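Read the single chain below, which is given as structure tokens and is the form predicted alone.
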């Protein structure tokens, strides 16, 4: 099979799944900004409703920030300007009725189990309960070990129009691949 055939196959499978935007690799805040601008421009060109675009963009940013902050695959450079990049994948697509945003990255097994517990808890909540929980968390200090405000997953659940899908696949004794899909 030729290289063109192999990558055409990947391209066609992604299109068949409704993917309109995808990135795999190392990301930083600068790359997040550039990817976000490209996503907004793509949605503008397709004349997507402004409110839908804002929700998709918001969830996209939250998910990429989670990759940046929590991916177990990281690159560090201390010479010159300190630099840190984290590896993962981010995909935006559309099915018959909704947009979706999918992220995936390698995490430590313990962190993955913690994520699963948090997301299981959110999955049991209805939209009003999620709103109340979000307001409560805003008043609390960030959780110990958090690299953000500890509300990213709640924000994603709050902005999603369907329940979040997620999964964790064990890679070895110390690591797992985490994936989250939100619908808008």
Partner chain sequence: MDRLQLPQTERSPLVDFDFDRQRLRLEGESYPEDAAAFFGPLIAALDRYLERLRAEPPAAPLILDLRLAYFNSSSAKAFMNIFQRLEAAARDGVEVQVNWHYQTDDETMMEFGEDFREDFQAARFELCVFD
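Residue numbers count along the first chain shown, from 1. Just so we're clear, the structure is a prediction, and the values are computed from it rather than from any experiment.
Only in words, not in the display: the form predicted together with the partner chain, which the text now covers.
query: Though only this chain appears here, would residue 26 touch the partner chain in the predicted bound form if you measure heavy atom gaps against 4.5 Å?
result: No, residue 26 sits far enough from the partner chain in the predicted bound form that none of its heavy atoms falls within 4.5 Å.
message: Against the partner chain in the predicted bound form, would residue 58 count as a contact residue? Criterion: heavy atoms within 4.5 Å.
response: Within the cut-off, so yes.
- prompt: Hey, in the predicted bound form, does residue 45 get a heavy atom within 4.5 angstroms of the partner chain?
  reply: No, residue 45 stays farther than 4.5 Å from the partner chain in the predicted bound form.
- request: Consider residue 118 of the chain shown here, and say whether it contacts the partner chain in the predicted bound form, taking contact as heavy atoms within 4.5 Å.
  value: Judged by the heavy-atom cut-off of 4.5 Å, residue 118 is well away from the partner chain in the predicted bound form.
- request: State yes only if every one of 74, 106 and 113 has a non-hydrogen atom within 4.5 Å of the partner chain in the predicted bound form; otherwise state no.
  value: No, none of 74, 106 and 113 comes within 4.5 Å of the partner chain in the predicted bound form.
- request: Between 59-74 and the partner chain in the predicted bound form, list the residues on our side with a heavy atom within 4.5 Å.
  value: The stretch touches the partner through 61, 62, 65, 69.
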